[in-house]
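The chain below stands alone, shown as structure tokens; this is the form predicted alone.
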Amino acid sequence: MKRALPLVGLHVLVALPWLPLGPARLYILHVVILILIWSVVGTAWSLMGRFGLVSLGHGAFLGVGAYTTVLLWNFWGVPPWIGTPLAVAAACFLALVLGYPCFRFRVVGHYFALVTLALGEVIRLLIIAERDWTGGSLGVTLKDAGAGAVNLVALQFADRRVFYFIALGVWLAGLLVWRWVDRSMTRSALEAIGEDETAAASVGIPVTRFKLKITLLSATLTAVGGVLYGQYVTYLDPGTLAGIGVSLRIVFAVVLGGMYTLLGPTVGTALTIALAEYLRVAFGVRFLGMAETIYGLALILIIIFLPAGLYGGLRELWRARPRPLAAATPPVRPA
């Protein structure tokens, strides 16, 4: 049963673009694509967050990933096939510059969170300052390849189903990375480091190396999510892809769903995006800030009553439910 449910869910996701969803089919597909993209980013953040490495600057990696590929294409015609590895390399370099001094000198806890927050704001201000390249606070639009409905070189497609399957594949790859970390020695080492760095180092665990490893992995997945977002939306602005605002959005979605479970970030992301879209469609601009208010109230309730997150908490309650006793089997009498 446990193996059948994931397979059924995967088949539903694969068949989703062809399901009879009515007149709103394209809009629903658009929302699901956004959920998959942001779920990749949330899963990337949970790789660090679940081990006590609370980052409030993941918007920096997201912005670097998105802007690198878009600017390389707009100004030099470098296709995303080449721009994506360069974007990932830039995000990893940023993570290395941030992480090595912090981990080497044991900047932990809220001090580490403040350092990452500052990094996100620096990247946002840098994007705004370099307006000749990035468009500043007005944003930048991905240059149209102008080659019809399909352009494999530029990764531009008029059919949203193509982006849907690309996003689905990247999301599944992110889940596989999460599962690999969860079942590897890295998890045990990072849990020991999170409990007591000094004790972990005393038994031979290379603290700095393991922290850098998980940070680089998280930055890589986040940058890939940024690249995918830029290619799909085709419009970038620093308010959406850098700074404290987007970083807190990522953190909230993961905490809401549960950072300690495989699908927790996806569930949290789906709930936040679905709520924002519903309020936007139902009320327009009449209740600006209503989504953020609901987010805050939900976060308070989740932290108080379900500290493992919505998905993680409900899963724990399901596992702890009383199970019916098996019917007693009558003893077999010898013939």
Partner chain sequence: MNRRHAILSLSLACLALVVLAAGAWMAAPAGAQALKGPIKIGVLYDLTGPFAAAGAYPGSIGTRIAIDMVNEKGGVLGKYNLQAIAGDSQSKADVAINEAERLLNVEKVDILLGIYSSAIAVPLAEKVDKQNRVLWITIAISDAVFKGRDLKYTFRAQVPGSQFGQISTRFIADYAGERFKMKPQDVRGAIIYEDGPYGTGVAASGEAEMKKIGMRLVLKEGYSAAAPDLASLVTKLKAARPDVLFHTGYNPDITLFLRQAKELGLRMKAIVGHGAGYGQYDKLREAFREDVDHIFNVDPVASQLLDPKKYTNAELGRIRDEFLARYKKETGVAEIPPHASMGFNNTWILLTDVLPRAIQKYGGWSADAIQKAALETDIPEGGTIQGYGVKFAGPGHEVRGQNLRASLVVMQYIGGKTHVVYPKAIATASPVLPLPPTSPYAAR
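Keep in mind that what you see is a predicted model, and the values were worked out from it rather than measured. Positions refer to the first chain, counted from 1.
Omitted here: the form predicted in complex with the partner chain. The next part is about that form.
Of the candidates I166, V233, L263, L217, V233 is the one whose heavy atoms come within 4.5 Å of the partner chain in the model of the complex; the others do not. Residues of just one listed stretch (137 to 145, 220 to 228, 69 to 77, 83 to 91) have heavy atoms within 4.5 Å of the partner chain in the model of the complex: 137 to 145. A residue is said to contact a partner when one of its heavy atoms sits within 4.5 Å of a partner heavy atom; L175 fails this definition for the partner chain in the model of the complex, lying far away. When contacts are judged by a 4.5 Å heavy atom cut-off, W318 does not count as touching the partner chain in the model of the complex. Using a 4.5 angstroms limit between non-hydrogen atoms, V153 is distant from the partner chain in the model of the complex. The partner chain is not drawn, but in the model of the complex it has no heavy atom within 4.5 Å of P20. Applying a 4.5 Å heavy atom cutoff to the partner chain in the model of the complex picks out R179 as the lone residue from 173 to 197.
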